[in-house]
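Presented below, as structure tokens, is a lone chain in the form predicted alone.
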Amino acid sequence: MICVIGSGPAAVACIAPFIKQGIKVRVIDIGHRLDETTTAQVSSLATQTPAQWSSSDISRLTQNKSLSYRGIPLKLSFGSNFPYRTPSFGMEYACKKVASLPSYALGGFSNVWGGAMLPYRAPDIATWPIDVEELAPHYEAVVNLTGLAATHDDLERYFPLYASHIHSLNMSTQAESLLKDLQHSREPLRHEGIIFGRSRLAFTPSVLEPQTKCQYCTLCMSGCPYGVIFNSSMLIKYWSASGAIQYVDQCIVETIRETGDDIVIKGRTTHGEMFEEHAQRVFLAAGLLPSTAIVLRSQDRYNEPVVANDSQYFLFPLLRFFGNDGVRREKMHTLSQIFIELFEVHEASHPVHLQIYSYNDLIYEKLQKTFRSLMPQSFLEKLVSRVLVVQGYLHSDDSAKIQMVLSKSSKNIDQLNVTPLAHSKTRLLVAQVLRKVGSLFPLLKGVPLSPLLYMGEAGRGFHSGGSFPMSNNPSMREADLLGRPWGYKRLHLVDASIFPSIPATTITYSVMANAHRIASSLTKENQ
């Protein structure tokens, strides 16, 4: 039997090759879900057009109680925090000045991700034991699972599309205006080491053949009632209903140990009952924190530090010289609209990745809380029409690291202690990014509002991994090219926990491609 632990993007990418070969997979998961009442409300919206929705329904599904004056709130799913909810027993996570979180939800963090899809470049994974050519066919396979909204532009020179069919999405008027100015200054920007293009997003997964396209309802940051933003739970439900997989939820895995040709999974159900599973192979796709904790616990490696990589996350507003009136009434999608790659940032060891967001409700509420005592509502409306938000990431070589130590808590419960290991130049590099963007104000027709810069704690961008990095000759703290931690033959890590470094570009696409690569290499022997 083949077992996969987890139901996020890495899990479904791993499952897909086995399904293609007609090999049944057993999926073990906790599988937290949206509550029934909210699910019914979302289902009701999906049967209507946005014009038919009531303001009370929208208000309930878009509330974000964590929104505050300082800091950036976690994205909720239709007003629910279920993607971040942890079980009431089992592993405890003690994160000190680290914003990493586990997800025990059906679909993992794909319930709240931004859908951004950009592959890795060869120079950014030059230290990996595998190369981009080995990932290429699996990038293509992943796009067939997720769907892709993209266009042919300058990004393609560095980041192939890996797709035979791409979807088209309308841009917001703010994004169209910025893109027009960028295109007008294309050559001067290229001279500055800057390329740009429209965002690439995991939209309308072709395997599910959705009956609807994007309705431009502006709810992307809260959840898509129509299901056109890829969510791995869609595939889990589809495959389970068709009998291609056996999905077992409400189970938390505690240890995975090998005994000869057998591999034994032990854990507890959410009702506290012990369970035991025997498998031929196990693919662990639980996410960085849970996967690391399971391996350490299984090998009795208590009080032993392991270090993971992180891609520094930061955010700042870009104030344009001219506004686009009516943005609050515009029909649009509210995920990232434009990607910008900075190839020449002084002292940065790798390019910096920027994602541009135009108007959405979170931006408006944030500006309200920040400026409502400083300006009348009419001025705030003008400000909103001119503000874009820039979300940035650095390569892990330029970012803090994350240290994890498994120990026993005072209650004699296993606890994963998570702390940051600062990088001396990270803040300097982010400051250099802002200065570079600011120096280009005649071309961008806008300036960064540097005083409003938000620097996320380590792990805040959820672009982290590498607690057991892949190696050609793995040591006790590494994994081989098939994701097998030291000492294992039948356990395969297939999430970001085996990435030797974290490039600045989007992580989920490459996690899925690598998971697909590992599973594909093992399908034949299991036929």
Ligand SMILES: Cc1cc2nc3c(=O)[nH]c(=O)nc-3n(C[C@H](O)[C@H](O)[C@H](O)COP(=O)(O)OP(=O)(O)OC[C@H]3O[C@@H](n4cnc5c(N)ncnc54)[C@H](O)[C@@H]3O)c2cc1C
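Not measured: the values here are computed from a predicted model. Residues carry their position along the shown sequence, with the first being 1.
Omitted here: the form predicted in complex with this ligand. The next part is about that form.
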In the predicted complex, do F18, S298 and I518 all reach within 4.5 Å of this ligand through at least one heavy atom apiece? no
Exactly one listed stretch (129 to 137, 362 to 370, 326 to 334, 107 to 115) reaches within 4.5 angstroms of this ligand in the predicted complex by non-hydrogen atoms, and it is 107 to 115
So in the predicted complex, is this ligand close enough to C14 to count as touching (4.5 Å, heavy atoms)? no
Is K425 close to this ligand in the predicted complex, meaning a heavy atom pair under 4.5 Å apart or at it? no
G287, heavy atom within 4.5 angstroms of this ligand in the predicted complex: yes
Is L318 close enough to touch this ligand in the predicted complex, meaning at least one heavy atom pair within 4.5 Å? no
Using a 4.5 Å cut on heavy atoms, which of L449, L189, I166, C251 is close to this ligand in the predicted complex? C251
With this ligand taken in the predicted complex, which residues across 26 to 41 come within 4.5 angstroms through any non-hydrogen atom? I28, D29, I30, G31
